[in-house]
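This text opens with one protein chain seen in two forms, each one given by itself as structure tokens under the names structure 1 and structure 2.
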Structure 1
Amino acid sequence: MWIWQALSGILLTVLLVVHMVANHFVVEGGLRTYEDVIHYLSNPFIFALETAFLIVVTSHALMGVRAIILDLGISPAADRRLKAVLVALGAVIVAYAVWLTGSVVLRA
């Protein structure tokens, strides 16, 4: 798990740079309007890239929560339950965010 934590940190940095450049540095005025965001996310490649960013952020954050809880000295059985809860929580977060973003983009 620690290797994915490290790799997701690197990937998170790369995706954050891409996100910041695409959404703030190449846009006139430094910020997209709501309509611009909808148009931007309508591109399937961009939607996939932003979804990847969401997945990496969520997994990295939840692995950080697990690392903090592991430092408290929980048992291996509790760690297995914790992993199951965090995976389920991560799946719900990602599924909800993708559904919400997709529904807003498709409605426009």
Structure 2
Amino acid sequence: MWIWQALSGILLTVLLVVHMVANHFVVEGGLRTYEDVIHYLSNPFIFALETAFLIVVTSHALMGVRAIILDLGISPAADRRLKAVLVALGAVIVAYAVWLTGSVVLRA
């Protein structure tokens, strides 16, 4: 458990910095226009990178939520249900966000 929190944390250090630099630091005015967002996400490499970030950050965040709830002390049965809920929630989040970025690219 902790090892995944640590490994995803290390990955996030890289992906979060790349995300911030690519979306804000190198952008004139710090925020993209609508056309620029479409153009940015239409690059297949960028799309893959942002999707990787999405998956890693969602996993790390939901594993972190589980760690906090486990600290409150819950039964193994409750933990199994919690895991099922968090996995489903993670799948919904990733599906929604990929749908969103995918539909943006289709406007190009």
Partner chain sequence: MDRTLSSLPVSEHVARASWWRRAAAWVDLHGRREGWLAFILMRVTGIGLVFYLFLHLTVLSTLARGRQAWDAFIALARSPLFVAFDAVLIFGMLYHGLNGLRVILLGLGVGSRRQAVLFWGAFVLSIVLTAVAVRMILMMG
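These numbers come from a predicted model, not from an experiment. Residue positions are counted from 1 along structure 1's sequence. Superpose the two forms; the largest set of C-alphas matching within 1.5 Å is the rigid core.
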Discussion item. Can you tell me whether structure 1 or structure 2 is the form predicted on its own?
Written reply: 1
Worksheet entry | Cα shift between the two structures at Asn23, which is computed once both forms share a superposed rigid core (Å) | 2.4
